[in-house]
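In the block that follows, a single chain appears as structure tokens, in the form predicted on its own.
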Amino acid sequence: MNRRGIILIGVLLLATSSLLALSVGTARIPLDSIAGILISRVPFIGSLPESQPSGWETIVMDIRLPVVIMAMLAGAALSASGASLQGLFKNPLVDPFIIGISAGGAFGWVLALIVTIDSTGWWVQWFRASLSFAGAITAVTAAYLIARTGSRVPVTNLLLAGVAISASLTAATQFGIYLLVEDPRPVMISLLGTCSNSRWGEILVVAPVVLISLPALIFLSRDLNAFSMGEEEARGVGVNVERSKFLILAVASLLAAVTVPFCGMIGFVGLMVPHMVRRFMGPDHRWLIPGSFLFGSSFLILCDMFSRSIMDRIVPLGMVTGFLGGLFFLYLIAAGRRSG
């Protein structure tokens, strides 16, 4: 199947998974009723059927739809971030969670939360998101500088540095929460990963960042393709290597960091989705990044739906993706042993 066909499948999967996620919950709402509710919100097109329960519209529009959209945005952001980082470092095992971006974002968010604990206003969410980004870019820059050997950055060194920084920042974040936050339980649960508390105001912070960053990464996809040949070869075809590396790293960090204040630390999405999409669409980042964006959205929506339906209470989303990520690592090890 050609790449356009795979993109079409991704769009259909995204639409289907979104409708299913809107249907699943304590109150099971039929798909035709969900479609009617959504259509009724389109100006000059539809009206809400009188026969359905009045509470369904509130459940769909005010409770479930923000959760689905947030899961869509977070999955797209983490997957596109992972695809670009893997291209930059020429290794399919690089992931925002593994190399410390998520931990840095969490540290920055908790620091901002402590500073603004009694503050209200529209600026609070933006301030927390900004400090989360600052923490993420600082963490990944530190990992990059520590791993650097001369003019090279060995991927093994980068992964080890990222794991070390991630562990240190996670410990510092937990210490700060227990020491300075009066009721640490809600904050700790949020960091485990969840989209279940998402509301429209938070989407207004995340959506512009994600929707601006995706075209930026697609614009940089030519440079990412050049990096696959090596930095010297990239220079030979006219790429400003240092500037492109900085821009790619900044945009990838921004995408991963903006999800942390609102969804917590969701691991391995940026590892699994680009790896699977690459199998079907190839390594060309002009297709890989949009494909990761689409399939990552569907993947996290389905994971969120599973986390809300597996038990009577919501299972943290980070636990679901962490479990799947562990299985995926075992698959990679087994596949490597077979090929070796």
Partner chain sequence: MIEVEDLRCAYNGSDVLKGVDLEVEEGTFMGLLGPNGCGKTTLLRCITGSLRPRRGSVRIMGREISGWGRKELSRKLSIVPQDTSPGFDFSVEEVVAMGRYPHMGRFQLTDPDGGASVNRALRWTGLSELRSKKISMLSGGERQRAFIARAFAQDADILLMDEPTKNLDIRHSMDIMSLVRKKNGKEGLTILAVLHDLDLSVRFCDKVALMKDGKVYDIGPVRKVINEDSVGDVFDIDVKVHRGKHMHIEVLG
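These numbers were taken from a predicted model, which means no experiment stands behind them. Positions refer to the first chain, counted from 1.
Unshown form predicted together with the partner chain; subsequent notes refer to it.
Asks: With the partner chain left out of view, which of 111, 188, 218, 203 would have a heavy atom within 4.5 Å of it in the predicted complex?
Replies: Of the listed residues, the single hit is 218.
Asks: Can you pick out, from 225, 170, 196, 141, the residue that has a heavy atom within 4.5 Å of the partner chain in the predicted complex?
Replies: Looking at the other structure, the residue within range turns out to be 225.
Asks: With the partner left out of view, is residue 145 within 4.5 angstroms of the partner chain in the predicted complex by any non-hydrogen atom?
Replies: Answer no; every heavy atom of residue 145 is more than 4.5 Å from the partner chain in the predicted complex.
Asks: So in the predicted complex, does any heavy atom of residue 283 sit within 4.5 Å of the partner chain?
Replies: Yes - in the predicted complex, heavy atoms of residue 283 and the partner chain come within 4.5 Å of each other.
Asks: Given that the partner is absent here, does residue 213 sit within 4.5 Å of the partner chain in the predicted complex, heavy atoms only?
Replies: It does not: once the partner chain is placed as it appears in the predicted complex, residue 213 has no heavy atom within 4.5 Å of it.
Asks: So in the predicted complex, does any heavy atom of residue 92 sit within 4.5 Å of the partner chain?
Replies: Judged by the heavy-atom cut-off of 4.5 Å, residue 92 is in contact with the partner chain in the predicted complex.
Asks: Specify the contacting stretch among 55 to 63, 300 to 308, 24 to 32, 284 to 292, defined as having any heavy atom within 4.5 Å of the partner chain in the predicted complex.
Replies: The contacting stretch here is 284 to 292.
Asks: What residues in 114 to 143 sit within 4.5 Å of the partner chain in the predicted complex, counting heavy atoms only?
Replies: Nothing in this stretch is in contact.
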